[in-house]
Structures are given as structure tokens and as C-alpha cells.
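Take a look at this single chain, the form predicted on its own, given in C-alpha cells.
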Amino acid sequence: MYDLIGIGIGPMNLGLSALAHPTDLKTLFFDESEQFSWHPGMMIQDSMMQTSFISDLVTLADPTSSFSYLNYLRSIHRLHTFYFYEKLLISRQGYNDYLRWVATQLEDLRFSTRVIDVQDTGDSFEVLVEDVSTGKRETFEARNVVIGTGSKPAIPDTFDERVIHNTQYVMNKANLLQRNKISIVGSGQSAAEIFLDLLTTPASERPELEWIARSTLFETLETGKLGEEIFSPSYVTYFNQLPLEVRQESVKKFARSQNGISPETLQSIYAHLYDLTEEEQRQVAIRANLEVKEITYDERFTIAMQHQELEDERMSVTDAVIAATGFSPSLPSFIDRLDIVFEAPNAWKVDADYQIVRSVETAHHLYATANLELSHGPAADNLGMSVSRNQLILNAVAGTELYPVERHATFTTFD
């Protein structure tokens, strides 16, 4: 009998495994991928994380953990060079290398294993898994299950199937550079990073570029110190107890804190635009206020758009389209049999300690490390908050405070 079985091995559940490692809890995590990989399609050269290295998998819960980012640097003999580097933000590739390093040391991770079903036996959960390579099936029993299946790329149904989602950008970049014109749809960080990456391609290799955004402004990511306090246990606890209607409105209101572009990225884009020659400038277009209605394909892509304020229709013809159009929850089919309470379509009800609310009372529980935007607000996908989330889950599973949580660690009072 396992104390906790995790479904999915992304950064959230990987951190859960790392924090559980020194405890007496018996844990096991499954993922159908062959090995750990975090957004390989967005490993753009020189792209940076938007959270500090301190918000690694463990440090905010246990600074002495052997799975900290600093210990990773020591293991690869880069601790002193990082000291001279003197920056809080690290590259996305560096962070991914760190995550893969942690994953190689944890024995409770099973890759190439797909979770087929989860059933409530009345006293516990039975988790049925299948080996991706052999098809062999096994059943495991657990008192608690944490669902961390993450999200999947979301492309509007009106977009032609040949449109590439931004998560596939790096794998397709070489082929994209053979096209005469590339259009990027979206106004967030991913769209900005792809535009910058293509913009900095040598002029002799660079196709014509077009960046289409629905918003009037390219919002800057919230970097003010007091503003960042919404990414804290204090705010999450406050947000979780708000009425559903208030939380739904708040989710819309916090678009900037979640979907804004880092100041460094915007500054770099502007600097490179400024340095373009007059001829090069004619090959680059940034088009705001345009909502893409449909993308069709007939030898080339046709993008049908409508201006948000003038309301007239526009059209653009291009050779490739990259959609940085976000994600939607990736919910396994077996959840329909687990008596889960949903607050809204695809949004399960989750309490402040990340326990999924069910319509039946049991001593064994479901927890979530994904699909939390409506229940936990702007901190739902924040990597820094994943540590306190995992602290709360492990404390609840253990029935004791394994990791004390700083619940009042902000200068701002929210209630």
C-alpha cells in the first residue's frame, strides 16, 4: 500500500517526489513519457525563466535539501561561476537540466508507464497502469492519489490543422526558416520569445515576419515587489475561500500577471527592431488589435481577422503560422468515476490544501497539482508556489506537519 501515487511527472509532481524523498512516506509516480522533459519545443537559446532560482523544487520548503538548485550547481562544478554571475534568473535550458538531474536521483519515478484507470475501492484507490513498450498491466494500491496531468496545447477549432502550436517551435524551426513568410499569433511571453528568436536570425536567413495580437498593448509581466505578493500562500488561501463568481472575475482580471511579457524580452525586441535597416523593417510587421477568426490553407495560409475596435475585416496570406494560443486542462477520462465535484466546466473544486472535493466522504483523498486556476488564482501555474503546494499535500498525506508552511509571509493583507 502506497501513501501517495502521483499521475504525471512534470515539475509539480517532480517537486512532490523530491520533498517526499527524505520522509517515511511511501510514494510512486507515473508518466507515459520515456524520460523527463519540460517543454522541449520552447527551449529557445537564451530564453530565461521568469522566477528566481530560489523557487526551485525544494528550497522554499527545505533549504538544506540535496535536491536544491545550488546543490545541482555544486555537483556540476559551477557554483562559483554562478556566484560571479550574480543573477536571480536562470536560463530555461539551465532549469530543465536541473529538473532532469533531480529526476535521475529519485527511485519512485516510473516513466514509459501510462495510467489507464483509477478506482475507489471504498478503503483506498486502485491504480491500473500499462507499460508503454510492452503493454503489460499492473495494479497498485494507494491511500491517496495526486493528479498532475498538466495541460495540453489549445488551438482554436477554426485554425487549419497545419498550424503549429508554440510547443512545437524548436522542433520545426529549421523547416520554418525555409519559408518566405512566418506569422505568429498570440500576445504573451511565448509569442514574444519566438518573435525575438526569429527576429535575431541573420538577415540573410530571416523570412518575412508578422506578429498578430488581439490585445491593443503588449502587457508587461508584473514585476513590482508588492504586486508579486499575489504569488504567496497568504493570497492563495484568501483567493480560495472567495465566492465562485468573484474568483471567476478575478481570473480575468489577473491576465497581466499571468500572460504578460517580461520587460527584458520586450526591451530586447525593441532594441533589435531599432537596429533594422529600412529595407529590413519592411519585412517585419507587428499588428495589434486583431482577433484571428479563421485560418485556412490552400498552398498558403490565409488568416482572416477582425479589428477589435474598428470592427472591419482584414486578411493576411502567409507560408507558416505559429499559434501561441495557450493551453487547456488535460483531464484523464477516469475522473468521471471518482465522484469529483466540479465548480465549472473542466474546473474541479479544490480546497485551500489542494484536496479535490468529492461528493462522498472518505478517509482516502485525491489531490491536484494541475487545473487549479479557478480554485487558486494567478499562482496556479507559478513554479515558486508549487513548493508550498507540495508542502501542504505532503503534510495532509502524512497527517503531521512535515514541512511548516509560511502562511503569513507578505506585507499585504488581502482580507
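The first residue of the sequence shown is number 1, and the count goes up from there. On a predicted model such as this, the values are computed, not experimentally measured, just so you know.
Unshown form predicted in complex with a small molecule; subsequent notes refer to it.
For the candidate spot formed by 7, 13 and 327, every residue has a non-hydrogen atom within 4.5 angstroms of the small molecule in the model of the complex. Contact annotation: residue 65 falls outside 4.5 Å of the small molecule in the model of the complex, judged by heavy atom distances. Residue contact check for residue 56: none of its heavy atoms lie within 4.5 Å of the small molecule in the model of the complex. None of the heavy atoms of residue 355 is located within 4.5 Å of the small molecule in the model of the complex.
Within 4.5 Å of some heavy atom of the small molecule in the model of the complex lies at least one heavy atom of residue 369.
Of the candidates 347, 60, 383, 28, 383 is the one whose heavy atoms come within 4.5 Å of the small molecule in the model of the complex; the others do not.
Contact with the small molecule in the model of the complex, judged by any heavy atom within 4.5 Å, is made by just one of 209, 176, 115, 266: 115. Heavy atoms within 4.5 Å of the small molecule in the model of the complex are found in exactly one of 200-208, 292-300, 142-150, 277-285, that being 142-150.
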